[in-house]
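A single chain comes next, written as structure tokens; it is the form predicted alone.
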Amino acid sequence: MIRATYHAVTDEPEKLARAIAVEETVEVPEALIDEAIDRHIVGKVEGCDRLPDGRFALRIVYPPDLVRSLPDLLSVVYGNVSMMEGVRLAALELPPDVLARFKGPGFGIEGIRELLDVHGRPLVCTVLKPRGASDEHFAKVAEEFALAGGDIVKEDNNLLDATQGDFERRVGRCVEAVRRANGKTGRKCLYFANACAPVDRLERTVEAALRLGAQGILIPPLLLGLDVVRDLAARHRLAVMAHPAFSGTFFEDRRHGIEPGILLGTIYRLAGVDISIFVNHGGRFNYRREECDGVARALRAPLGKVRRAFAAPAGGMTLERVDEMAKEYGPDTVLVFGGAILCDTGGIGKATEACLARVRSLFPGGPGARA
């Protein structure tokens, strides 16, 4: 069975739990629910437990046969309930027969490491920004970062192109810059192109990124659609890095929405995400340590045969926090530094080298590790 736990503000927990179970499955008045429908389709309330903060944990199980796709899953566990005030999806357990319907990440942690030939330590990523800078500037930044030993160059989510030609010119130039650097260093820095494009241009954009030599795409699942991302990930041999744009609408009110770990961790993995960027605590946005740790756990937790994915804390991180972030999130992490590397007074190369030196000192690696 699919087991969902909702934290709710209510004086009538049993009544609300039954209302959720009905709303998420049949959405009709009780008078229209006969015995067969109630037995085979309507969710079953397992329990209602009071929480220390006064809310209730409502545990509801749903028949797995109701879920054949990602839209099905989202509709069943958080469709209409998303419009109920004071109800938050706090936990989600999926049985093996449901998990088997999802391919998940095409690469996952192990696959990304094989692409890079880097094992046993966190990866270091920088961001091409700001929008409005020249392609030559972006290519120079990418090359300097790669020459200094950086692992991943990703385009900023705000690099949105007026035309397909603009996208292809920038990506082509930057991929070539990283390729030149890799030729000099013997390393394998990866390039992720921003694939946030209108739906009528999306397929061409992804195919162009692959043709031009990008190893991955940056994509915002909540802007383009979770099942759109799943479809792209399933059909193209490109690693997928997810940007959390628009996700704050689910997290800001802690008495409503979805726990970040469920959406940016479990659901994103089912959608084929290999690297999930999330807002780290102590940065530009108001996120709690326990929420961030929950995302990282969900990205790596057992999930049937679905591959584990990299956690990528970001959002105004400074280089002074390298040790803290690496220790908190562990080796299976992508450390994302945009402005911190780009604005460093010592230059991009020296900032990247210093960051990697700290990471290597903390994670010298195990057998077969390459720093």
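Quick note: we count residues from 1 along the sequence shown, nothing fancier. From a predicted model like this one, the values you see are computed outputs, not experimental measurements.
Same protein, other form: the form predicted in complex with another copy of the chain, not shown, and the subject of what follows.
Interface residue among D200, D117, E110, D97 relative to another copy of the chain in the model of the complex, by the heavy atom within 4.5 Å criterion: D200. Checking P302, G54, P29, G346 for any heavy atom within 4.5 Å of another copy of the chain in the model of the complex turns up a single hit: P29.
Contact here is defined as any heavy atom lying within 4.5 Å of another copy of the chain in the model of the complex, and by that definition each of R131, L224 and H256 is a contact residue. None of the heavy atoms of E136 is located within 4.5 Å of another copy of the chain in the model of the complex. Heavy atoms of G339 reach within 4.5 Å of another copy of the chain in the model of the complex, making it an interface residue.
Within this chain, P71 lines the site of another copy of the chain in the model of the complex, having a heavy atom no more than 4.5 Å away. Although the partner is absent from this view, E207 stays clear of another copy of the chain in the model of the complex, with no non-hydrogen atom inside 4.5 angstroms. Residues placing heavy atoms within 4.5 Å of another copy of the chain in the model of the complex fall in a single listed stretch, namely 215-223, out of 117-125, 215-223, 294-302, 145-153.
Scanning 148-163 for heavy atoms within 4.5 Å of another copy of the chain in the model of the complex gives D156, N157, N158, L160, A162 in sequence order.
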